[in-house]
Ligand SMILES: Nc1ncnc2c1ncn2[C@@H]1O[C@H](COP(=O)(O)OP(=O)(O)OP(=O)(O)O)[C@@H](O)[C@H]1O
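We begin with a single chain expressed as structure tokens, specifically the form predicted alone.
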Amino acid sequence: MAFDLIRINDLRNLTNCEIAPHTGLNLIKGENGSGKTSLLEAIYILGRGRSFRDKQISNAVQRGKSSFTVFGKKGSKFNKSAIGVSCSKKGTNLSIDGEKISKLSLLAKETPIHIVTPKSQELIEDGSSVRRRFLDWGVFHVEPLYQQFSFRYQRALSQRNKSLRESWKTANIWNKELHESGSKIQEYREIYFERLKEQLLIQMEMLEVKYDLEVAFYQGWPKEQTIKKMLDDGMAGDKNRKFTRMGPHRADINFKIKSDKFNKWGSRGHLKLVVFALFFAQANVIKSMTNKETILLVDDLTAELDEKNVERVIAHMINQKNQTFFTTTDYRLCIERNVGKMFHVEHGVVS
């Protein structure tokens, strides 16, 4: 469901802001430092309960103020909901339909939100942890039991690593739990990845990314072994290194062209198009498996994209039919009234 009202108070330079966004495209224009990214940050907080700009969400509180609040209403004629997030130095309070909640996962389940920033190429260029988080975010939304098995696995992994550091003789007692929970994690990830890969190739074709791209899922250990056998056989090496070297916590998505890593072949613009394709693909998979609409945020759409590719991405956003908010400093960029709304931000004031 799309937001039809967003209200922001005292978040960075947004003192008292209220907008009624379009269910489709929402173009946000303004100079650098005007508050465009802060507007996206507020929307992101409504879906994640945390900031994409700062590890400490309380740092988003406006200077001189004790707290910020973000409120959003969304839904259709017959199914509406309200989300509230307030934050101070003392902590963060979350609510859905006026009822307080304590888990960020409940907020995330309510509203799937993704953001593309000029740093999003890290999804392809950086280490495996970034891609693993991207994959797990999708699995979390489509598989109700995934979070439970992930918690069990991480708890057992932490205990096994502690044993390897302190008294390795007890490390093996955690192998059974790692095998049971890890096998389910692997199963859920593999099913989801196949759907994601299929959609990714479709999205790349629609965005006219003309690369013969190979996309493969690495489960985190040799494919011919079970997790239990991998842990048993690798005990000596784990003992020497004092941590569990292989398992689902080492999973990755590999991107290659002609058997080389993609980031060695692709231009910055093409990398960004592949990132867009990944986010569009994930939104489509979540929609097909859960009927949930993903809200997409894009900070500085025109960065590293030429005019033709900007037009291509916007046209694809329209076809996707998800609620989308995207910022630009280019005042020439416009959208048709029938597909969206345009907002202007200046000195923290949105009009």
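Counting begins at 1, following the sequence as shown. Computed from a predicted structure; not experimentally measured.
One more form of this protein, predicted in complex with the named molecule, exists but is not displayed; see below.
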Fill in: the named molecule: the contacting residue among V310, V61, A303, I318 in the predicted bound form [heavy atom, 4.5 Å]
V61
Discussion item. Taking the named molecule as it sits in the predicted bound form, is R53 near enough to touch it, meaning that at least one heavy atom pair lies within 4.5 angstroms?
Written reply: yes
Item to complete: Determine whether any heavy atom of N32 comes within 4.5 Å of a heavy atom of the named molecule in the predicted bound form, and answer yes or no.
Response: yes
Practice prompt. Give a yes or no for N16: in the predicted bound form, does one of its heavy atoms lie within 4.5 Å of a heavy atom belonging to the named molecule?
Written response: no
Discussion item. I'd like to know if T294 sits close to the named molecule in the predicted bound form, meaning any non-hydrogen atom pair within 4.5 angstroms.
Written reply: no
Discussion item. With the distance limit set at 4.5 angstroms and only heavy atoms considered, check whether R12, S38 and T329 all reach the named molecule in the predicted bound form.
Written reply: yes
Item to complete: Specify the contacting stretch among 318-326, 43-51, 280-288, 61-69, defined as having any heavy atom within 4.5 Å of the named molecule in the predicted bound form.
Response: 61-69
